[in-house]
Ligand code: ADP
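In the form predicted on its own, a lone chain appears below as structure tokens.
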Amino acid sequence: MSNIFEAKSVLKKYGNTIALSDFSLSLEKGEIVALLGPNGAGKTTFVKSLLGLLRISSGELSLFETDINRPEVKKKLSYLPEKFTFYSYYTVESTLRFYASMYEVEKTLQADKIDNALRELGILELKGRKISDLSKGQLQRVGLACSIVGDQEFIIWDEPFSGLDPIGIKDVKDLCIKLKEQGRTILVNSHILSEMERLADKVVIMNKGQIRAVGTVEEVSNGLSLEERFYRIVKGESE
């Protein structure tokens, strides 16, 4: 496997506040990565830095072995924020068409790509519905569909299970595995540890701006449940 993302000794400060400190991490192609941590751990700062929305104070960030601020590497990313929203008067289809154009999907391929993305999320029948007429769970599925309508190699999902029922959660997990099998890399920021324990190839636990643990679920858990290990790490208990 080859690294698609690498952070080396990253520091991010807001005035006198340190949001990321000595942050080093590498992500490999074709793996599902769980980004875990309590509120205020620095996860959002990390993701925004990865997306190029924040400039780090010092250190190095690279995507596909290229500086993270180069526009050509950003074209290989797709991102789903924690709360997906779009213009309420757009239909589901026109929303996905907007994203397909943004991801530079050829116009002749857009109709098929849109249908495939909607089918993967089980919402093809919602194609003609307006965004304003969707439930929270349906809107979340639309957001997920938007994130996969292109062929981006690196997909970042922030709380993708938000608003989904158990069937929706299983659909998203199945989709995650399918994307991995296609060679894509998925970074998932989630508070649902039990789901990530069963899904992730790699776990990254953050707290107070630093990585406290990284490795496979088995390596990080070390004989405990992921939830228990997470609690001990965040609370600063001894191993």
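All figures in this text were calculated on a predicted structure; none of them were measured in a lab. Between two forms, the rigid core is the largest collection of C-alphas that superpose within 1.5 Å. Don't overthink the numbering: it's just position in the shown sequence, from 1.
Below: the form predicted in complex with adenosine-5'-diphosphate, not depicted.
**Student:** Based on heavy atom distances of 4.5 Å or less, which listed stretch (26-34, 60-68, 166-174, 40-48) is in contact with adenosine-5'-diphosphate in the predicted bound form?
**Tutor:** Stretch with heavy atoms near the partner: 40-48.
**Student:** Can residue 19 be called a contact residue for adenosine-5'-diphosphate in the predicted bound form at 4.5 Å between heavy atoms?
**Tutor:** Yes, residue 19 lies within 4.5 Å of adenosine-5'-diphosphate in the predicted bound form.
**Student:** After superposition on the rigid core, does the Cα atom of residue 15 shift by at least 2 Å between this form and the one not shown?
**Tutor:** Residue 15 C-alpha, core-superposed: shift of 2 Å or more.
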